[in-house]
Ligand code: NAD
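Single chain ahead, by itself, as structure tokens, in the form predicted on its own.
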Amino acid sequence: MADLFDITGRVAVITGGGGVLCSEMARALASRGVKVAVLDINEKQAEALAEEIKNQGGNAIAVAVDVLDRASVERARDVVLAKYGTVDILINGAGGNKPEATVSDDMSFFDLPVEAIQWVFNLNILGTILPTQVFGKVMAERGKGVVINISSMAAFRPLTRTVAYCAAKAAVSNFTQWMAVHFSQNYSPNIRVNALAPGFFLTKQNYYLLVDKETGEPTERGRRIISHTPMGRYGEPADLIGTLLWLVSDASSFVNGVVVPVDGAFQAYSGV
């Protein structure tokens, strides 16, 4: 059993690596002997995490990247290969939402700026496709590797208000299935592509929707989410780690093209 989950010595690239959820993934992988490349548009944030990992005995580097700029992603690839020589794991963690693309009391659907909708959609879906093209090619040339995309509960059923985010995450789930088939049929059956679909976790992107900035208490939306999560709480970043380790290790060697909910039974609950 220990051998099935052993990922010592592998190289992981994590986009959006400085974020709340992906930083926890980076720490967890590094603590299990994985060499971690923390990629983020916020270079200082990536550097701080890489330094933290190294101070704890892990092996990590920070690389600035804009996942919507192919040249930037290619430069990041060159840095990773120069340092570590290969890529075994790609976690496409860059993504998120923003208020300008979200329906609110002050912004109707009819008035949402096209630019804001496009920004959210591009960040989530193109920000997943471009790194997969660049780092996935390294895997294709080697004939093995694991790609983990980050989907969402919003991909299974659209959530109110977050119009662009829901559509983009549905696209991420679809792309996950498409790419799993494409890699297996055209490059190698030893390249697997799966996705995590987190339930509700408090992050920078959704905090403004779930917590009242004046009182610090849950918003009405936040209360409804908790009431529709049978486990009665938000997820903690550590709740993703067990599933992640399973998906990136040989323990899931025949798992390909799936989107795994980690949601406290939110998706299973009908409300009655």
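None of the values given here were measured: they were computed from a predicted structure. Don't overthink the numbering: it's just position in the shown sequence, from 1.
One more form of this protein should be noted, the form predicted in complex with the ligand, which is absent from this view; the next part is about it.
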property	result
Which of 145-153, 176-184, 108-116, 76-84 sits within 4.5 Å of the ligand in the predicted bound form, heavy atom basis	145-153
Listed residue (203, 243, 31, 219) with a non-hydrogen atom within 4.5 angstroms of the ligand in the predicted bound form	203
4.5 Å heavy atom contact, residue 18 and the ligand in the predicted bound form	yes
Partner proximity in the predicted bound form: residue 123 to the ligand, non-hydrogen atom cutoff 4.5 Å	yes
The ligand contact at residue 67 in the predicted bound form, heavy atom, 4.5 Å	yes
Contact label in the predicted bound form: residue 135 to the ligand, heavy atom within 4.5 Å	no
Contact set, 75-110 vs the ligand in the predicted bound form - heavy atom within 4.5 angstroms	93, 94, 95, 96
